[in-house]
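Listed next as structure tokens is one chain, alone, in the form predicted on its own.
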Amino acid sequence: MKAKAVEKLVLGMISTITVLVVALLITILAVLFVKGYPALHSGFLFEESRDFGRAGGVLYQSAGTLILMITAVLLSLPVALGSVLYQTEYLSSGKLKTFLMQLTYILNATPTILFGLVGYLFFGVYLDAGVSWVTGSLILAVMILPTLQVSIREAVEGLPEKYREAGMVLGLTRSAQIYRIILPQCFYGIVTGIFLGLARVAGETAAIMFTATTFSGIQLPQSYSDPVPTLQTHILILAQEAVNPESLAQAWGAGLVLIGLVFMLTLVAWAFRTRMVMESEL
């Protein structure tokens, strides 16, 4: 009886926490929609901001965010993919595999502001990239590396052994198995990692605030040493002008655009992950 009472108590606590988390998420999304929707006029996504962000739209801020997102993933994906394939297909030491996995989790738990600080010192100062979209992309590429690695590793390690056995029967070399069997079968897992990485980059502010972005004066970068405007910085600066209703309205509108982008990327990642699970069950 005592064990059942404890079990019911724990179950009730877990259920309560779950309901509170869901309610908090719904509340945040509802407030963001109610506050941000009035700012979404017909040209909000296709007009440049004016009057230091108090009017106009978020065209260049959205473009700058996409530049950082896409460049970061393009830089990080080959490293993550190569690292996972080496650990799963070539590395035989179990202790070393465990050690590398722990390093991945530690990197994932590192505060993002430290990525910005260390990344700026290395890429911005030591490599002389300065405050630029290249510096920001490199920092974000390192930051999302664990996200890509975990997603790709799950796909590769979850691949049924029969595929590898079929490759061995056909006489394929290790590299041929990777190219002809493992990569095609893990396609959905790789794409899932890409979209999760994009979603994380889209919501990042601390790592790029002083390393890659600018609030005004820049539309799109003309060289590798130019900074970019981003939705994250745009929201941060405008939100600090809470006494100005126009600025605050624009901040809510930009926030709604950003959360919509993150939600869309997460939804696509979920769809690909569902497809990956279905494929593995066949």
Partner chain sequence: MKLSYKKNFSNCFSGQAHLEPLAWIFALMNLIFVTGAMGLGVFLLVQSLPIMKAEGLDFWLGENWWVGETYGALSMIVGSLMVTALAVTLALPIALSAALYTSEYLSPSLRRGVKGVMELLAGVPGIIYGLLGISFLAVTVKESFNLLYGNTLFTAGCLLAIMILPTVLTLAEDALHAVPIEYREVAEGLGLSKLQTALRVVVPQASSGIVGAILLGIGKAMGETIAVLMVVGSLDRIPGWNLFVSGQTIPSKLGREAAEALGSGLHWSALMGLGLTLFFMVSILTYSGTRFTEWSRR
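Because the structure is predicted, anything quoted here is derived from the model rather than measured. C-alpha atoms forming the largest set that superposes within 1.5 Å between two forms make up the rigid core. Positions refer to the first chain, counted from 1.
Not pictured, yet referred to below: the form predicted in complex with the partner chain.
Taking Val150, Ala206, Ile181, Leu159 one by one, only a single residue has any non-hydrogen atom within 4.5 Å of the partner chain in the predicted complex, and it is Ala206. In the predicted complex, none of the heavy atoms of Ser42 sits within 4.5 Å of a heavy atom of the partner chain. The partner chain is not drawn, but in the predicted complex it has no heavy atom within 4.5 Å of Arg164. The shortest heavy atom separation between Leu145 and the partner chain in the predicted complex is within 4.5 Å. Heavy atoms of Val79 reach within 4.5 Å of the partner chain in the predicted complex, making it an interface residue. In the predicted complex, Gln102, Leu103, Thr104, Tyr105, Ile106, Leu107, Ala109, Thr110, Pro111, Ile113, Leu114, Phe115, Leu117, Val118, Tyr120, Leu121, Phe122 are the residues of 102-123 with at least one heavy atom within 4.5 Å of the partner chain, listed from first to last. After superposition on the rigid core, displacement of the C-alpha of Leu267 between this form and the one not shown stays below 2 Å.
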